[in-house]
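Below, in C-alpha cells: the form predicted alone, a single chain.
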Amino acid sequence: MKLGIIGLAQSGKTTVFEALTRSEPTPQRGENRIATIRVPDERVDILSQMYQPKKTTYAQVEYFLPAHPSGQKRDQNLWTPVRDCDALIHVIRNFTEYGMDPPNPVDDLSSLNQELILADLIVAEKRMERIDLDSRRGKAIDAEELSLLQQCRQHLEGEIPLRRFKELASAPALRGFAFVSAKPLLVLVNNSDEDAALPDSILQSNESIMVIRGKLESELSRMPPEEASDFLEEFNIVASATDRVIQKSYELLGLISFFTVGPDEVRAWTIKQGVAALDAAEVIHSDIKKGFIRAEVLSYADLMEAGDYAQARKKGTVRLEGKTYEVKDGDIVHFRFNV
C-alpha cells in the first residue's frame, strides 16, 4: 500500500510525514521522500511467539512525500508523482504561527480538490481529443473507453471528484489514466499541540477526516517508547499517529490481512475485502494460483480459542475451502496446490 502525502504550502506535510514514518528532519529540500514502515499487528506478534519461525514478516505501508520545489508553478504536472499511489493523504493546516494568515481548513480542502479535478479534466479531455482525431482518420475506437471518459468529464466539469463514483473510478478501462481525484482520500487536519478537536466547519465535507497534531506527534515518534508513553497520556493520545492513520487507511481502501504460518515464516498478507481464495493465492505466488487445489483455513480467533492448530483441527474449526471462498480478515490460510 502506497500513500501519497499532499497539501498546500505551509500545511505541515513534511512534519506529518516525519510523524508517520518516525523519520528524522532533513535539511534537504526539493527531493522526493519515501519511507516504508511495517503495519503493527498484535496477531502477527502472537503467531510469531506461537510458531517461533525463522522469519516474521509484517504487512508494509509506503509513505511518499513528493518534492514541491520552491516557486514551482502549481499545474496538472504537479500531481504526476502521486498518480501511482493507492490513496492520498491531504494535510490541512489548522494551526497558527507568526506571520501566517488564520487557518481556513474548508477553503484549503476546496482549493486542493479543485486542483485535482482540473488535473484530471485536462487528462480526460486530451484523451478524448485523441480519440476524436483517430475516429476522423478512420481508426477503430474503444466505445467503452470513450463513454467512460465522457462520464468523467461530466462529473469533473461539475466540480465533483471522481472518488464519489466508485464504479467509475475503478473501471478497468480507466486504470491507465490514474486519475488523482479518483483516488481514496484521507484528510488529516493538522492542529496545534494543545488542540485535539476537529473544526466544525470541515465536518460537512463528506470526506474521511482525522485530526493529527503533527509537530507534537513528530517529536513523540522519535522518543523512546517508555518516555513517549507519559506524553501520550498527558496529551490524551490513545494511539500513535502511525497506528491511527494505518488503521484508517485500511478502512478507506477496504483492505484486510490474512496470515501464513509455519516454522520458516509467519507472514501477514494484504488483500482487498471480498477477494476469493484463488486470487489471494496469487498474492503469494502466481504458481499457487495456477496449481490451486484447496485452501486450508482457520480463523485467528478459532486458533486462539483452541490453543494450537492440532486442537483446532480436533474441534473441527480447520476447514477446506474452494477457489471462490471469500478470504476473511484474520484467516490463517495454507494453500494446497500442484504445478
Ligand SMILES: Nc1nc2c(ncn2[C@@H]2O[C@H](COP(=O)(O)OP(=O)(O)O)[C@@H](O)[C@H]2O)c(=O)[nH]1
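Just so it is clear, the model here is predicted, and its values are computed rather than measured. Note that residue numbering begins at 1 and tracks the sequence as displayed.
One more form of this protein exists, namely the form predicted together with this ligand; it is left out here, but the text below deals with it.
> Though this ligand is not shown, can you say which of 181, 249, 257, 190 has a heavy atom within 4.5 Å of it in the predicted complex?
Checked against the cut-off, the match is 190.
> Please identify the residue among 159, 230, 264, 97 with any heavy atom within 4.5 Å of this ligand in the predicted complex.
It is 97 that has a heavy atom within 4.5 Å of the partner.
> With this ligand left out here, work out from 136 to 144, 238 to 246, 206 to 214, 168 to 176 which stretch has heavy atoms within 4.5 Å of it in the predicted complex.
That would be stretch 206 to 214.
> Would you check, heavy atoms only and a 4.5 Å threshold, whether residue 23 touches this ligand in the predicted complex?
Taking the distances in the predicted complex, the answer for residue 23 is no, it never comes within 4.5 Å of this ligand.
> Please check if residue 317 has a heavy atom lying within 4.5 Å of any heavy atom of this ligand in the predicted complex.
The answer is no: residue 317 has no heavy atom within 4.5 Å of this ligand.
> Classify residue 1 as contacting or not contacting this ligand in the predicted complex by the rule of any non-hydrogen atom within 4.5 angstroms, answering yes or no.
Contact check for residue 1: no, nothing within 4.5 Å of this ligand in the predicted complex.
> Do any residues of 2 to 20 have a non-hydrogen atom within 4.5 angstroms of this ligand in the predicted complex? If so, which ones, in sequence order?
Going through 2 to 20 in order - heavy atoms within 4.5 Å of this ligand in the predicted complex - the hits are 8, 9, 10, 11, 12, 13, 14, 15.
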